[in-house]
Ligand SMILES: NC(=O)c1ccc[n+]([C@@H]2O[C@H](COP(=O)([O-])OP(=O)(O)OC[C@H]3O[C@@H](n4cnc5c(N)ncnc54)[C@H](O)[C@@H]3O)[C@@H](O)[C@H]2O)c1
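Coming up is one lone chain in structure tokens, specifically the form predicted alone.
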């Protein structure tokens, strides 16, 4: 008996914001391997030499568009350029986001009472307003055709408050406290109800809207103490590798999840199970 591959993404046009980042790059490579046409929307596109180090540049199924997602006109221009090339996309992955790393300077990672207003606004502009514009413009175009899948990328720190004890060691080393900042957590938290809102709004227009919740991803730039503290809190005992969310993206982008909307797919090594 012949059966259709419910995970098939052949010739699907997929937009990824922040596709040059750590997990965004992995999403791109996985989707290309599965036959999709991938359009990366990024505020800055590196030169060709750098792109060749990250992607199969000779692929006719990969395109780069300079788009500032926090600027509505830029998103509109990006979509128009994409439509001229490949048509209206089938999938939108809102992956772009700003976070504060453990290496952040004290003026950003200090007490909540001193958190800079300009940083708050910048994070909100990208993580919330940028996602809003992309859904409004790109998701709206998909809704007019009666099909599509929108995948927002959340965070465990959007579901739960950060465990500040993980970062306490930094005060012992530097004499200055490190506080996981509020802006990232608040912005990611907002995506959950935004996802549910759009799922109900577009439910009968053929556009599904779901959110993927990843946990922390291991980076070589992270210091050993941070990684040890984080992993001690993680039930599975380690941080995620950068390609370990690919299966979830394929699932949400494909017909394998065709009856799923307004849902939160948590892939976090057990972090939120505590």
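Residue numbers count along the first chain shown, from 1. These numbers come from a predicted model, not from an experiment.
This protein has a second form, the form predicted in complex with the ligand, left out of what is shown; the following refers to that one.
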Interface membership of residue 67, the ligand in the predicted complex, 4.5 Å heavy atom rule: yes
In the predicted complex, is there a heavy atom of the ligand that lies within 4.5 Å of any heavy atom of residue 238, even though the partner is absent here? no
Partner proximity in the predicted complex: residue 20 to the ligand, non-hydrogen atom cutoff 4.5 Å: yes
Check whether residue 155 has any heavy atom within 4.5 Å of a heavy atom of the ligand in the predicted complex, and answer yes or no. yes
Heavy atom within 4.5 Å of the ligand in the predicted complex: which of 234, 217, 32, 51 fits that? Just give me the one. 217
Report the residue, out of 184, 202, 178, 133, that has at least one non-hydrogen atom within 4.5 angstroms of the ligand in the predicted complex. 184
Three-residue site 12, 88 and 142 fully in contact with the ligand in the predicted complex at 4.5 Å by heavy atom: no
If we take heavy atoms and a 4.5 Å cut-off, which stretch out of 170 to 178, 88 to 96, 107 to 115, 142 to 150 is in contact with the ligand in the predicted complex? 88 to 96
